[in-house]
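First, one chain by itself in structure tokens, the form predicted alone.
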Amino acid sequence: MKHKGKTNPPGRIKIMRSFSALMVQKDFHSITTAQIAKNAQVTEGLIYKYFKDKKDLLYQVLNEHFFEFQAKIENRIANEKTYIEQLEVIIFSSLESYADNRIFSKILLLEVRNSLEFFNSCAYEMVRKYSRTILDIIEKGVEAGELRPDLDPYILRKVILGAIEHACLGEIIFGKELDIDDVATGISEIVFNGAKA
């Protein structure tokens, strides 16, 4: 039940903030709607005015997170002159987002993809927009001659997305530090310059 109003009601904002705060302290499955309501200082019934259930609340919180991330990416790539530089910015920004938002990252990497509902959610629509942004840049890079003309844009997108996720999966799960600059440079070097001697 995506909120369709032009404004974001204070109660809805409180609920989403409460839920986000609780996710830092607890596992998703152990959080109750009663705890969310108490933390937000609203009635439990208000949660169901704006959200179908707890999972819908999760997807809408993720959607807000993805919306801000997509806006940041679009703003950053607008300042880059080449398509390869734009892709490098996306690689860096994605790693940065995973490292800076570990609760959301853990939920995205380990939790929501096990649910078919996620793939019909507003949050997944934002994931698709992010993925489409990468594909568009790759296709423009091929057209501009920055990338090989025989390149399969869909496979390159999979390589980039897979490298980003795999590079930070262990760090996210086990709470390790992630050297964003080093990892982003390493991925970009191999993707755009190759590994062959």
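Between two forms, the rigid core is defined as the largest C-alpha subset superposing within 1.5 Å. The structure displayed is predicted, hence computed values, not measured ones. All residue numbers are counted from 1 along the displayed sequence.
Not pictured, yet referred to below: the form predicted in complex with another copy of the chain.
Only one of 32-40, 155-163, 60-68, 45-53 places residue heavy atoms within 4.5 angstroms of another copy of the chain in the predicted complex, namely 155-163. A residue is said to contact a partner when one of its heavy atoms sits within 4.5 Å of a partner heavy atom; Ile173 meets this definition for another copy of the chain in the predicted complex. Not displayed here, another copy of the chain is kept clear of Lys72 by more than 4.5 Å at the level of heavy atoms in the predicted complex.
Contact annotation for Asn79: none of its heavy atoms lies within 4.5 Å of another copy of the chain in the predicted complex.
Among residues of the shown chain, Gly186 is one whose heavy atoms approach another copy of the chain to within 4.5 Å in the predicted complex. If you take 162-197 and check each residue for a heavy atom within 4.5 Å of another copy of the chain in the predicted complex, you get Gly162, Ala163, Glu165, His166, Ala167, Leu169, Ile173, Phe174, Asp182, Val183, Gly186, Ile187, Glu189, Ile190, Val191, Phe192, Asn193, Gly194, Ala195, Lys196, Ala197, in sequence order.
Core-aligned CA deviation for His29 between the shown form and the other one: 2 Å or greater.
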